[in-house]
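Take a look at this single chain in structure tokens; it is the form predicted on its own.
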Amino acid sequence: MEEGTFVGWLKLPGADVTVGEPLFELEGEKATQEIESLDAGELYIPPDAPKPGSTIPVGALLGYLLAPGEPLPSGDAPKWVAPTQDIVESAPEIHLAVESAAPTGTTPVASPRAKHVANELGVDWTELSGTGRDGRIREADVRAAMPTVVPAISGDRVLLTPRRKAIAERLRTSVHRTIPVTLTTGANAAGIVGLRDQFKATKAALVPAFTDIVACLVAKVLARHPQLAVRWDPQQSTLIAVPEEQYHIGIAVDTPDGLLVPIVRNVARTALLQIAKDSKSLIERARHGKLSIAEMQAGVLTISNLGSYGIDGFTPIINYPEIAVLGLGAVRREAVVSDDDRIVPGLRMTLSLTFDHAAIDGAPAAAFLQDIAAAIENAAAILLGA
């Protein structure tokens, strides 16, 4: 973590604090937890110490633990300080900077982390010289007592292009802001294969790709599953319902500079051949670096097709602020069991739906995926009325 919310002190000012005693509460990204003191002394809380509810960075100086008879800190009020190494290794979640001197004596003082690592490695930490404050033994001191071999890594640095950096940032945003869950199912691909064969038989100038056909089917199925036809409002953390006339479908495209997602507009109210024409134009411009920002915005759902690479099932990443992405696997000829229990050749493909569990539950997402599979099987009847 990089910062946390200070909840409050568990000890009163002037109280005697012992090592390992709960000292204050901190709210992190996962939970609120009690933070134990790393040292002993009398607690002194300066006037401008963080108040409950304050956001504090890792390494913030919260207060002081004074040795017996030690005067109050002189100078100005405490300032934010970077965490020292022995503090970092002692507290895995948050780091408390303390100003008390380590106890002195014949036995050296070691951080809890250093003792734990020493026990794992079989090192007698009492025989070591510490490099921490006042001779405190740190984890690094324990590990330094063991012979280590660091393999050399040679090679040229690979610099990221501005577009690759932007793609990486968008992927990180999706991972950080969504709770992705992936469902997979098999689908009878004979319907979409047969539909393409019909266009090929007529020697049409443009034959829709599998992605074009599925995009049209997805738009029709979305109308029956409005829970999926939503987008996050990044500013307010609320969901926005997308009307049917704005069912814009994203098409993931592999380009020399990385993955781009051009948006095919108004798919629910556009004929299949026009969708094929629009997507072909967008894909060509994407691969030549000529897409505008507007042509990659306002999608309701994205389709990613890795079937041409021989991939069956995979985990597609949500194109935030959308809440779902559909992955298409390869169409394969397989032996299937017919309704009359005969084993016959068939065409099968795997569908992978990743959805944001924060926006929708698993049951409605599964029902949507099931309807997509049924639509693929009956593609010709749905799109051509045949």
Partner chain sequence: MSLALYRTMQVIRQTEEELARCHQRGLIHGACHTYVGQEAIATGVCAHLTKADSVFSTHRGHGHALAKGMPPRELMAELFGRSTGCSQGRGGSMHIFSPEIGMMGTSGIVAPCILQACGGGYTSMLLKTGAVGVAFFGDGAVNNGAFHEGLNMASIWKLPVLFVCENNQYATEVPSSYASGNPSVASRGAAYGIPGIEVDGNDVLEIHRLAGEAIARARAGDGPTLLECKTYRTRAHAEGMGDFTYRTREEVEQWKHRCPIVRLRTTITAIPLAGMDAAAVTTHLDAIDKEVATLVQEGRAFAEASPVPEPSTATQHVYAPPKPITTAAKSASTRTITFSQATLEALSEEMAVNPGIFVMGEGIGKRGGNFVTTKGLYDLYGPERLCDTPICERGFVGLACGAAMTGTRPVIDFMFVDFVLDGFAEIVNQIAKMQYMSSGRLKMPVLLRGCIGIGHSAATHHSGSYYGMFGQVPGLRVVVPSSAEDAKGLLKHALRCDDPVLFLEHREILQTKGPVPDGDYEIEFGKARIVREGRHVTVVALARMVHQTLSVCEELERDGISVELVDPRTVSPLDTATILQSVHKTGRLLIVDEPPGQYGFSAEIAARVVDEGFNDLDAPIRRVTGAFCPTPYSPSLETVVVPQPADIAQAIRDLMRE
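So that the term is clear: the rigid core is the largest set of C-alpha atoms that superpose within 1.5 Å between two forms. Because the structure is a prediction, the values reported are computed rather than measured. Numbering follows the first chain given and starts at 1.
Below, we turn to the form predicted together with its partner chain, even though it does not appear here.
Q) Where, among 293-301, 190-198, 221-229, 112-120, do residues come within 4.5 Å of its partner chain in the predicted bound form by heavy atom distance? A) Result of the contact check: 112-120.
Q | Heavy atom within 4.5 Å of its partner chain in the predicted bound form - residue from 316, 132, 208, 262 | A | So the residue touching its partner chain in the predicted bound form, by this definition, is 132.
Q. Just one of 239, 171, 272, 140 has a heavy atom within 4.5 Å of its partner chain in the predicted bound form. Which one?
A. Checked against the cut-off, the match is 140.
Q) Heavy atoms within 4.5 Å of its partner chain in the predicted bound form: does residue 136 have any? A) The answer is yes: residue 136 has a heavy atom within 4.5 Å of its partner chain.
Q.
My question is whether residue 282 is one of the residues whose C-alpha shifts by 2 Å or more between this form and the one not shown, given a fit on the rigid core.
A. The answer is no, as the C-alpha of residue 282 shifts between this form and the one not shown by less than 2 Å after core alignment.
Q.
On a rigid core superposition, would residue 315 pass a 2 Å threshold for CA movement between this form and the one not shown?
A. No, because once the rigid core is superposed, the C-alpha of residue 315 moves less than 2 Å between this form and the one not shown.
Q | C-alpha of residue 114 moved at least 2 Å between this form and the one not shown on rigid core | A | After core superposition, the displacement of the residue 114 C-alpha between this form and the one not shown reaches the 2 Å mark, so yes.
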